[in-house]
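So this first bit is one chain, no partners, the form predicted alone, shown in structure tokens.
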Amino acid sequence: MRVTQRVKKILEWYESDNPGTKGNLARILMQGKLGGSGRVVILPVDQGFEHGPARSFASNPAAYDPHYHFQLALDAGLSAYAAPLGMIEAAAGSYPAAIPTILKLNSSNSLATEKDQAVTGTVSDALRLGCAAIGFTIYPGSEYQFQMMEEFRELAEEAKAAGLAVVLWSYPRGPLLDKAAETAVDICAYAAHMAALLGAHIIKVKPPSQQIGLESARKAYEKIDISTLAKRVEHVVQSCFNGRRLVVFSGGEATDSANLLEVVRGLHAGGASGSIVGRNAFTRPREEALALLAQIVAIYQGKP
């Protein structure tokens, strides 16, 4: 596989990893329209688990079919496709090695009352399906946060030994955090830093707001510029080993294209490694989704 100088530099950040893991990171970084740039746009489709099928797919019924998402990610020129076990199993045979896949190994649902997720896949599943990486979610702040971290540690160790990359969704939530605090800049940076400390290769967090969530952190932030989204993103990236880890940001709740693109511009300006955009893509009709994803990719390409 041809690897650009930019991707070679990124792979040097991961000093302890074996050639297999670095090769799978390179697969993701060299795929699609952003291949070789060091930026990525990933399509995640785990919302059926999280929110239910109707809330996820009824607005665009074609998206009930797992093949639809593989094809959407391919046609949009994206970097990777992430989904739970059943979704990847249902279409992997039709798209072998077509696009790097990330097997999401834990999931929650809208019927749960606990801030926790069940482990729903294995590293063996990821290898069997030809995935480039595993994905996992932790909830810093949850009553179950340490259990989730320990689950992740075991799965990440196994994945790395098998030559897979590791993607960690780090979403703060719990009894001491209200909705606003979940995306506060200090909490977001803290969650991203914890993901780096836990050994994630790619870290996924939400775009940070200007709010401060922890009073104990307020004084430290008197010396940090958090006045714009770009500055806040820059701070979150800095919190991940001074930018030596790939940090991507979620697309967030369903919104109109103009708002989403404005957020992506802020992410790009702040040095984000990219975006993971799911429901803001696949809930739209296919041609509209492709047009939106093309605009997102263009922003990360540095086009106006």
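Each residue number is its position in the shown sequence, starting from 1. This one's a predicted model, so the numbers in the text were calculated from it and none came from an experiment.
Below, we turn to the form predicted in complex with a small molecule, even though it does not appear here.
- Comparing 32 to 40, 262 to 270, 246 to 254, 58 to 66 against the small molecule in the predicted bound form, the single stretch with non-hydrogen atoms within 4.5 angstroms of it is 246 to 254.
- Using a 4.5 Å cutoff between non-hydrogen atoms, Ile276 counts as a contact of the small molecule in the predicted bound form.
- At the 4.5 Å threshold, heavy atoms of Arg232 stay clear of the small molecule in the predicted bound form, well away from it.
- Interface residue remark: His201 is not counted as part of the site for the small molecule in the predicted bound form, having no heavy atom within 4.5 Å.
- When contacts are judged by a 4.5 Å heavy atom cut-off, Arg173 counts as touching the small molecule in the predicted bound form.
- Of the residues given (His193, Lys115, Lys206, Lys160), Lys206 alone sits with a heavy atom within 4.5 Å of the small molecule in the predicted bound form.
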